[in-house]
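Following this are structure 1 and structure 2, which are two forms of one protein chain, each written alone as structure tokens.
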Structure 1
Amino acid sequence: MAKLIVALDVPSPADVAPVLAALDGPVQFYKIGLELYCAGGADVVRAVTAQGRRVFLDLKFHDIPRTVERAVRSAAQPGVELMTLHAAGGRAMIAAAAATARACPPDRRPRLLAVTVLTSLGEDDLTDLGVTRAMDDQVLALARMAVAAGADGVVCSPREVARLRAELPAGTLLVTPGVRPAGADMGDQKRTATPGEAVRAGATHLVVGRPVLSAPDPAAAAAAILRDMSA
């Protein structure tokens, strides 16, 4: 069964408790990204895990292998189940991070997700970066390299899930943002899918922010997404 992760896209640690309270019950898994982490650091991560919630720490590490390996070790704590790093950091960086993650005690061992090509980038940006492959081929090549180097999974757009599911080893985690219930506001997301479509395509985790956080009744919105996922 795929899991629902709500993106804690709030500016301040003080904004976290009301979200956890509103979603107590339907949602157990939360994504902490750069905005909230820069405001609250490891304390905000501990505040969420101390409430028994599971955390996806989305800091997108990208540096030399030694630095990333040490960042993974510093960020690992009980309840932090998923972490991101950029596939573009290369094979050695991912392998070092994966070795460190595997060496963590079981209660604080994160699973590592590789970010392939940011969904904010287009073909023109790839050309600027000197990449001559088509977007889909670049995403697949980076995903294959990252998984071969030890990543547990990949963050991808709903548009890419089916192909990655077909091409990557069984058991690879596929985590997709850009999920919108039928009829919902797209916001700035362009390549969207409904929760049911994302699950049918092979996603293991769905990351949803505004459709839940901005809903008049966030718990009802989350429950509706969970119903669509299980149908």
Structure 2
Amino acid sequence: MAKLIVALDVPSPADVAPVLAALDGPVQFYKIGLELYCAGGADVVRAVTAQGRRVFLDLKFHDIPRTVERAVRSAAQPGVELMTLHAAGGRAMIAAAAATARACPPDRRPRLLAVTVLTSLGEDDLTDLGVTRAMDDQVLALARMAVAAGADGVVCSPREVARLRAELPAGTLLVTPGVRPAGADMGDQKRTATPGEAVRAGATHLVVGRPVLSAPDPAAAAAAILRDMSA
């Protein structure tokens, strides 16, 4: 069954414990992104894993291969199960990162996810970036390259999941942000779907932030998402 990951998109380490307490039970997997990691560093990761929670470290590495290779080695620690890098960094960068991840001790070995096209971008944004392929084709091309280079999976919007599930090798992780319950505010996301739609399309992990964290009852909001995923 697909896993629900709640994004710890909070400004400081002091905000983490209340979220973990509010969601104790329905949620065991959390994403730590740039905002929180810049505020608290590796100590934030340790604080979350010390509570027995699983961590998706979403720092989206994108640099020359040697720098990314060293960053993966530095960021890998017990409890970090998933880690991101940009597919746009290229085949050599992804291969170097994957080799480093595989060389980590078993308790510190993350599974690498290549970010294809951010869910905040639309077709017009690709044109601005000089990309002439359609969105689906661009996502598929980056995903194929990344998996061939050694990535364990990709990050994509829910709208591309079905095509990637059909085109990529069995067992490829498909992690989808841009998930919004029916009727929820889209925020800065442009390519979205409901939790149930994402799971039916073949997603393995759903990343949800504001619809849970901003809800009057975060635990109830998470439980509703899990019910939609199960159904």
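For the two forms, the rigid core is made up of the largest set of C-alpha atoms that agree within 1.5 Å on superposition. Residues are numbered by position in structure 1's sequence, first residue being 1. Quantities reported herein were computed from a predicted structural model and do not represent experimental measurements.
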(request) Have a look at both and say which one is the form predicted in complex with ligand C5P. (result) 1
(message) At a 2 Å cut-off on C-alpha positions, does residue 131 qualify as shifted between the two structures after fitting the rigid core?
(response) yes
(request) Please check if residue 78 moves between the two structures, taking a CA shift of 2 Å or more relative to the superposed core as movement. (result) no
(request) Using a superposition on the rigid core, decide whether the Cα position of residue 119 changes by 2 angstroms or more between the two structures. (result) yes
